[in-house]
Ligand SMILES: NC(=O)c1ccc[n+]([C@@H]2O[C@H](COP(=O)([O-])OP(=O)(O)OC[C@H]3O[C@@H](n4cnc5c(N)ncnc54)[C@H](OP(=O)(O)O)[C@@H]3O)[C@@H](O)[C@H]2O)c1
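Here you get one chain, nothing else, as structure tokens; it is the form predicted alone.
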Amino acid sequence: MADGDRTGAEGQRILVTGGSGLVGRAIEHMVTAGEGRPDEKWIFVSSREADLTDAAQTKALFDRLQPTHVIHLAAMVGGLFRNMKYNLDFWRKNVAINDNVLHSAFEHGVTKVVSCLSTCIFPDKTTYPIDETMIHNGPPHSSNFGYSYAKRMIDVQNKAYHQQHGCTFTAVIPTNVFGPNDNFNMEDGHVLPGLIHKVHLAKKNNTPLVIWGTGTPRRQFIYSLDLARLFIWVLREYNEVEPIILSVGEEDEVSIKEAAESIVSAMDFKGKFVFDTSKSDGQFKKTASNSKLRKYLPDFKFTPFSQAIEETCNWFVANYESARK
């Protein structure tokens, strides 16, 4: 590696890219709430500090901050309909971001990088549950192939840096993340925050709740604060280059209809809800196995789904003016 491990007496300097997003804010919350250690300096950066699609700006950021560890969350992201429209943009921007971050980490002798992938990287035609060995077994779903392939390439790049230079660059694969500080945009956001915003407006305006699709697709949702605790564990304890799925168990999968019912209950919405079946459902399911995680952490307790939904809804209502919408 370029200049060895600089954790020494001054401790670890942990750079979190995408630090102002859903997962970055959750990690920051957990660190300040007592999960951080005295020998760790956590640095959260957003696109305001540097445009990571630009190699020179990325290098300058690493020159300035001199991190020993990196949690790489920065990405161009969006919901199903935005992905379907801009596959090329999602591919180019994410490949550029990932290459710049990993190469700057290598050049600066970073001890460890943990990047964030997504379950959409898995093959569309596959058997369930999916696990870490199946990432490259076939093409991803056609709706967001640009984003999916760009994220897959992080796994390829991690292995190549390890093979050629011995770097400990790894990745985690969370299932659908939700929580405070999410993007609650109803057009471009992900399904749960979009639904929370819709229920809030339907309640306020006394109108029916319209849910896109049939409500039958099934998803494993992970609360951002649970994911944050797992990210910190991966950074400190998980030393494989092979990625690890971070998810609730298969038994905790819920349908979009059940998720909507949880939100309706948490927000005390009394109106009626209808399904707009002219809208696409996306993939029916992407059930992931968390057995590798359970081998490492058999006793990890996930926040119950209804409690996590309630906390997220309460946060959204309390922060409605400033929330990303």
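Note that the coordinates shown come from a computational prediction; the quantities given were computed from them, not determined experimentally. Residue positions are given as counts along the sequence shown, with the first one as 1.
Heads up, the form predicted together with the ligand isn't pictured, but that's what we're talking about next.
S.K.: Should the pocket be classed as open or blocked once the ligand, positioned as in the predicted complex, is overlaid via C-alpha superposition of the site (3 or more ligand atoms within 2.4 Å of backbone or C-beta atoms defines blocked)?
M.R.: Open pocket: the modelled ligand, placed by site superposition, has no clash at the 2.4 Å cut-off.
S.K.: May I ask whether Leu192, Ser255 and Ile309 all come within 4.5 angstroms of the ligand in the predicted complex, judged by heavy atoms?
M.R.: Verified in the predicted complex; spot residues all out of contact, no.
S.K.: Choose from 291-299, 274-282, 44-52, 259-267 the stretch whose residues reach within 4.5 Å of the ligand in the predicted complex, heavy atoms counted.
M.R.: Result of the contact check: 44-52.
S.K.: Here the chain is shown alone; which of Ser118, Ser104, Asn83, Thr170 has a heavy atom within 4.5 Å of the ligand in the predicted complex?
M.R.: So the residue touching the ligand in the predicted complex, by this definition, is Ser118.
S.K.: Looking at Trp212, Phe184, Tyr147, Tyr223 here, can you tell me which has any non-hydrogen atom within 4.5 angstroms of the ligand in the predicted complex?
M.R.: For this set of options, the contacting one is Tyr147.
S.K.: Could you confirm whether Thr175 comes within 4.5 Å of the ligand in the predicted complex, counting heavy atoms only?
M.R.: Taking the distances in the predicted complex, the answer for Thr175 is yes, it comes within 4.5 Å of the ligand.
S.K.: Under a 4.5 Å heavy atom criterion, is Ala75 part of the interface with the ligand in the predicted complex?
M.R.: Yes - in the predicted complex, heavy atoms of Ala75 and the ligand come within 4.5 Å of each other.
S.K.: For Ser20, is any heavy atom within 4.5 Å of the ligand in the predicted complex, or not?
M.R.: Although the ligand is absent here, Ser20 would touch it in the predicted complex, with heavy atoms inside 4.5 Å.
S.K.: Spell out, yes or no, whether the shortest heavy atom distance between Lys151 and the ligand in the predicted complex is within 4.5 Å.
M.R.: Because a heavy atom of Lys151 falls inside 4.5 Å of the ligand in the predicted complex, the answer is yes.
S.K.: Any residue of 297-325 with a heavy atom within 4.5 Å of the ligand in the predicted complex counts; write them all down in order.
M.R.: The one in contact is Arg324.
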